[in-house]
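Only one chain comes next, encoded as structure tokens, the form predicted alone.
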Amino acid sequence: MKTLLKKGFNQLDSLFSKVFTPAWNPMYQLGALAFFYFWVVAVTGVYLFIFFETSISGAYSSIEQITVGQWYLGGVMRSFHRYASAAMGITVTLHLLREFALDRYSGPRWFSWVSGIPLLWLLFASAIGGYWLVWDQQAQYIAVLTAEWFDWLPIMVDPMASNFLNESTLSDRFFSLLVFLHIGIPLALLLGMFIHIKRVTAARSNPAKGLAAGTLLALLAISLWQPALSQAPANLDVAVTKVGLDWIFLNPYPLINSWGPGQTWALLVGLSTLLTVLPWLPSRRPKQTPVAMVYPPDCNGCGWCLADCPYEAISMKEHDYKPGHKQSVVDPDLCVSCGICAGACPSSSPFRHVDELTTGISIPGLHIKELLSLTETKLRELDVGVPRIMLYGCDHGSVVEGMQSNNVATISMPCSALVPPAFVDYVLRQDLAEGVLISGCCEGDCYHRLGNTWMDQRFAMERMPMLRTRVPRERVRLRWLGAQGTRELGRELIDFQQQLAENSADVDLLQLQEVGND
């Protein structure tokens, strides 16, 4: 199932990147979109609350007045409130499924995954409370079923269903309680959302501006085309047996009606429990390599690894050997062996005057000196006389192993950001290759959160360590195409080879002209 989900999401990612561009791809910003929809719901909810009457007789009529009497503003606000809630439910569901499909729920990611489970219950409770406030036939139907559902629990002292026997048993205080819950539960949801992203470095809680503007326009269009309307008013003296339900948030109610309260509780609680323990269940994922190791003699306490670690697995302490200096410390419970820290370390430069390349921090599975040795070995095996390319890839991005050839050397690693910019300089200056191509996860969707972002900034000289200005940029390419972009990377590789060949021919021609002039 996970393989099918991953394949499906890869296809959706590719489609939306073509339609919206990677920077505006909604699949890469599902969590940020959920935050955005929450704020839309909150703002429109405040407006609706101003005109809402918290009484049995006034609830339905006040909603109708907002919808019909103020259709140009109140009606649009209600529709925005309704459709933004539905959109939040959809994005949260897709976010959960996508993180599961891409194996982003275990290891140090467990906290974000587990803290998201109670948010599902709060989200559904918030939405269902909103349906109750309309107090139409749909609200009556779910109110009665909800009461029966909770009455099944042994903790209930007084039956909730007794409040819905007929019109005379329901009081205005019921709506005051509903309003209180419909404000309090979303506030708890918002707090939980910020706790959910607490351990995510540089977490995105706002979507791209263009995507946000497009979303608002889409909500406006659907609000005008299909405004949210109430069903007939509720009447507890008449039993409601059949209503149209919203299948985004009200999908448990047909189960309550057909299976009964006990089986529905068992299903939902069981599913929530399974999701909670999922990060610790055995899986077929490759075993995680040992965590990053710090080498105190080569650590100068610059803090670049601290700034770049996406998992907050690195901190600083007093240096073991250098008084007055700091030294990096790795938390083994948070490190995922991505290697981004090794790529950030200034000691990871092959230009250092040392007998053997050492570094301040590296991952045991692919030490910097091993990466350099592997790079040199593979490049020296290539044919001379044709443009040679060093292709560095990411284990979670485009598959590069099959692109090895007589003029292309490939190395795949946990994250492309493991490659220090100095390696690119070294490969080109030592004439080991004519070009370097670095590929990885899609733009804005790095498996390790920030790997491709840091690489872009390093090569643009916006982040340390930087790719020096002396490196000819036409001989270097960064391409973030993801696993779904393997074929496109192959075409990119051919195009790069042709460009390098043309540049080489231009240089040869220029040299001949200079000789002729002499």
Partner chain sequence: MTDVARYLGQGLFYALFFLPIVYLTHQPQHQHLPEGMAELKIAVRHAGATIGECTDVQAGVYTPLPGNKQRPQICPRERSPLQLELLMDGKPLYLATAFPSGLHDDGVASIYRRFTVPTGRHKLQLRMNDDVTVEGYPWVLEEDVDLQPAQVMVASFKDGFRLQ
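Numbering follows the first chain given and starts at 1. Given the structure is predicted, the values throughout are model-derived calculations rather than measurements.
Beyond what is shown, the protein has a form predicted in complex with its partner chain; the following relates to that form.
Contact check for residue 494: every heavy atom lies farther than 4.5 Å from its partner chain in the predicted bound form.
Within this chain, residue 15 lines the site of its partner chain in the predicted bound form, having a heavy atom no more than 4.5 Å away.
A residue is said to contact a partner when one of its heavy atoms sits within 4.5 Å of a partner heavy atom; residue 180 fails this definition for its partner chain in the predicted bound form, lying far away. Its partner chain is not drawn, but in the predicted bound form it has a heavy atom within 4.5 Å of residue 158.
The single contact residue among 91, 359, 375, 337, judged by any heavy atom lying within 4.5 Å of its partner chain in the predicted bound form, is 91. Interface residue among 133, 411, 211, 428, judged by heavy atoms within 4.5 Å of its partner chain in the predicted bound form: 211. In the predicted bound form, every residue of the candidate spot (21, 215 and 237) has a heavy atom lying within 4.5 Å of its partner chain.
Only one of 107 to 115, 267 to 275, 297 to 305, 223 to 231 places residue heavy atoms within 4.5 angstroms of its partner chain in the predicted bound form, namely 223 to 231. Contacts of stretch 314 to 347 with its partner chain in the predicted bound form, defined by any heavy atom lying within 4.5 Å, are made by none of its residues.
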